[in-house]
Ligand code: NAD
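Shown next as structure tokens: one chain only, the form predicted on its own.
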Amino acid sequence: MKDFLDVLGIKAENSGVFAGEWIENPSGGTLVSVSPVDGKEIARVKMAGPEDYEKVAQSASKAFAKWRMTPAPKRGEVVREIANALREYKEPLGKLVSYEMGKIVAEGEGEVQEMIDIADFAVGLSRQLYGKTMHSERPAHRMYEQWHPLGTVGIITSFNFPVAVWAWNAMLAVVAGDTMVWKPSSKTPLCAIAVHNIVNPIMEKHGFGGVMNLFVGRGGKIGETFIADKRVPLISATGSFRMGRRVGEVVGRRLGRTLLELGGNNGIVVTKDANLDLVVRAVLFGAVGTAGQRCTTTRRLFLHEDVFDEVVDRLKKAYAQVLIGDALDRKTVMGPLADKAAVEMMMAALEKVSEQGGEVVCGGKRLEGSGYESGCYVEPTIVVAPHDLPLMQQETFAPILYVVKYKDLQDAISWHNSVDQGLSSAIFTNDMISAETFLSHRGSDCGIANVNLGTSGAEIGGAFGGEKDTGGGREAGSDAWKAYMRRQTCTLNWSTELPLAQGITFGD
């Protein structure tokens, strides 16, 4: 067993259910976690059955009654300790993220840094859960808004960011006074178990062992039970569009709340006056980083005809220098895809390129042989395509970059906005009019719009999320904390009269 697994408390066989304490023998069967890095079994996880989920839900509900009465600044102090613990375990947890998911170790550690950053943000936020005071139209009345904890927050995370997305939700929910139940991806259960091994000793030390709860379980019946549970007023779900639509349907039927982050089909527009050095670096990181498995991955590139050939040539040279291999080797630039199914999905998409009028000009092959035994390694791919290539309408979760030539900026923006997804977008230009056009009402229709930087690399200080089929949710930064609380308008009459609003008189 690798050293970092021991440090994180990962055993050969692990419980995947935490309900204020680890449930030793949950009844939902066994899940085997296999690394895409080398194809080897990492460890096994005992999943939750229906009765185990019930214990989890009850744990969160019971803890909420006590946690919500803890002053928010005190809750912030607990989060501060969590941030410090994450700093201590940053390296081993980052390595586990890399080994179980496949992203390179620099990105794995970077993901843990995101957890630390959002925890630090939440500490300050714990003293800034502000409400507004309003002037009443009635004399001797005072009006104000206040925010209360919402209850138990359900968090469903995807494999590509197996720990950071939980933290984006969890740290804000904790300072808001909520408890939580986490359902991680079945592709990365060990990351979730390791996180609970880090954070729950801190919660237990303060007497709040049931605030953060966890269950590992495949979708199907137990997942449906989770999203249909009225004890969970908010479900925050990150994943596929199909999954998000199902979550929205079930939760909406019970009039619950959802916060959906459902991926993107992100584009970059490059004008003829752009700094091409910046373009190549940003596109390389955006399209190749995490092997194209980020929701903010750059998937479409719109190049002005005057710079098209030069940028494509420079990208091909840059792609040729990408070192592909072991995610734990710090020299590696691109690790494997998450599993063999992801490879098959990528190959199936590439088979359609030529018949739809596109051309693969770089990469596109499976990698085999020494170092690639897991079968999860591929070459990052560049496809030159017409603007109406049908494949570009869907998000293929793999390192495929579609490159389109344009002449008029408004055409490029129109093509950029033509997809169903609307998460992250960017323009590279040195022209103020072009930049402001892209950021205007007739520009990008995405939740994130950047100028002279790529589609990836969002900071926790800004609200993260997108429009259209991306789900409309916002996590981290700004006023995203309001999603985890309920607003209450309060009116106080400090007179001896009872005037009615709108000047209404009733009776005498």
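Start at 1 and count along the sequence shown; that's the residue number. On a predicted model such as this, the values are computed, not experimentally measured, just so you know.
This next part talks about the form predicted in complex with nicotinamide-adenine-dinucleotide, which is not shown.
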Heavy atom of Met243 within 4.5 Å of nicotinamide-adenine-dinucleotide in the model of the complex:
yes
With the cut-off set at 4.5 Å between non-hydrogen atoms, does Gly219 touch nicotinamide-adenine-dinucleotide in the model of the complex?
yes
Under a 4.5 Å heavy atom criterion, is Leu262 part of the interface with nicotinamide-adenine-dinucleotide in the model of the complex?
yes
Contact flag, Thr332 vs nicotinamide-adenine-dinucleotide in the model of the complex, heavy atom cut 4.5 Å:
no
The single option of Ser185, Ser126, Thr381, Thr271 touching nicotinamide-adenine-dinucleotide in the model of the complex, heavy atom within 4.5 Å:
Ser185
Heavy atom within 4.5 Å of nicotinamide-adenine-dinucleotide in the model of the complex: which of Asn213, Ser98, Thr238, Thr298 fits that? Just give me the one.
Thr238
Are all three residues Ala106, Cys191 and Tyr372 in contact with nicotinamide-adenine-dinucleotide in the model of the complex, where contact means a non-hydrogen atom within 4.5 Å?
no
Which of these stretches, 279 to 287, 303 to 311, 409 to 417, 243 to 251, has heavy atoms within 4.5 Å of nicotinamide-adenine-dinucleotide in the model of the complex?
243 to 251
At a 4.5 angstroms cut-off on non-hydrogen atoms, which residues of 125 to 147 are near nicotinamide-adenine-dinucleotide in the model of the complex? List them in order.
none
